[in-house]
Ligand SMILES: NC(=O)c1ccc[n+]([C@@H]2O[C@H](COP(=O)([O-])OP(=O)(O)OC[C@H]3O[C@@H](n4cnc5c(N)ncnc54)[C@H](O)[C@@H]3O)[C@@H](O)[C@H]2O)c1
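As a starting point, one isolated chain is supplied in structure tokens, in the form predicted alone.
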């Protein structure tokens, strides 16, 4: 779509009826994507504010506390200069609106656009001519075109004439937002030159390089980045399963296969999940009826909790035993439990009817929030979880677990450990704790 301009008379009338923008950016959705972005803009001298429906999150941010773990922002959040509002009317004050809300899948392979639709409905009455609207959350191909059609249907504005619209994907890793918002190139997808330029100028305040493209290519960049990692880890997990089935050690094999070999790198196995990886294959597969590599990768990664339980059970009984499960978040040293595979591992352990399952995750509160419809779980202190334990499953590779397993080796050397993350550092998935002392 080529850019057109509002006639001068119309622009003059608009300016007379509306005060000039007094903010540069309003972030709509100040969670794990939006809040680091807003704070990074603030540090860069951008006049920025936020909107969020979560009262607890607003209270935390507005009183100077990070509502989740994301290092590097402590001083910025403590300054209380980034304010999060409940009323979406504040978007009328900002020249750019950046939407960073969740885009999950429905129970079936189908993208859930309800959060984006709710945002559009809430901000539509406050849109003004000249607004730049940027989508930033991971979305399925065609979502930004859907937003364009929605705006044309439900407002009097046209993209490229009255409003500017772009898709500017985030590609940060959780826990590394402070560094990566400033170090990663920014993709800017737009269908008209004015939208593309406005978004490039905005994100140029942060990113070292701007790469310009159209809506769907920008959407696919983010999906392809995540899906490539997901498939890569699925292959690593399948190699681990094959090796253990044949009585071989995947870590020894990996070391030899990767050592001074220039053409590929085999990743380490692990529980591969989280909102950034597990759902994105569905955003592609929604539009394909055929079995493919992506669905196979999903099946492989989803099987790993069952693999750990089944293959440890081949070595030692789990029934009537005390079992510790270390970690409940989906990723090392974070407090994010969204789409974690740890709850699935817990359910498979329950089927073995152990005497007790002790969940311990120092990054989470006690009790640990369980999945919808289930009671919260007690979050045991780490050393209490390991006391007199018979079996240990390392569900997340938090840095504290290596030393904890060393302590376990001294007190319970015959306890069995399922350590797919290799936090024990002895290059074995299944071992008795005493092996850590050799």
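Positions refer to the first chain, counted from 1. What you see is a predicted model, and the numbers here were worked out from it, not measured in a lab.
Just so it is clear, the following notes concern the form predicted together with the named molecule, a form of the same protein that is not shown.
Novice: Can you work out whether residue 28 and the named molecule are in contact in the model of the complex, taking contact to mean some heavy atom pair no more than 4.5 Å apart?
Specialist: Contact with the named molecule, yes.
Novice: So in the model of the complex, does residue 217 come within 4.5 Å of the named molecule, heavy atom to heavy atom?
Specialist: No, residue 217 sits far enough from the named molecule in the model of the complex that none of its heavy atoms falls within 4.5 Å.
Novice: Does residue 102 reach the named molecule in the model of the complex if we count a contact as any heavy atom within 4.5 Å?
Specialist: Judged by the heavy-atom cut-off of 4.5 Å, residue 102 is in contact with the named molecule in the model of the complex.
Novice: Is it the case that residue 321, even though its partner is missing from this view, gets within 4.5 Å of the named molecule in the model of the complex, heavy atoms only?
Specialist: No, residue 321 sits far enough from the named molecule in the model of the complex that none of its heavy atoms falls within 4.5 Å.
Novice: Give me the residue from 222, 95, 254, 278 that has a heavy atom within 4.5 Å of the named molecule in the model of the complex.
Specialist: Selected option: 222.
Novice: Quick check on this chain: which one of 191, 174, 244, 148 has a heavy atom within 4.5 Å of the named molecule in the model of the complex?
Specialist: Looking at the other structure, the residue within range turns out to be 174.
Novice: Among 258-266, 192-200, 165-173, 305-313, which stretch has residues with heavy atoms no more than 4.5 Å from the named molecule in the model of the complex?
Specialist: Of the stretches listed, the one contacting the partner is 165-173.
Novice: Quick one: name the residues from 43-66 with any non-hydrogen atom within 4.5 angstroms of the named molecule in the model of the complex.
Specialist: The stretch 43-66, when checked against the named molecule in the model of the complex, contributes 51, 52, 53, 54, 57 at the 4.5 Å heavy-atom cut-off.
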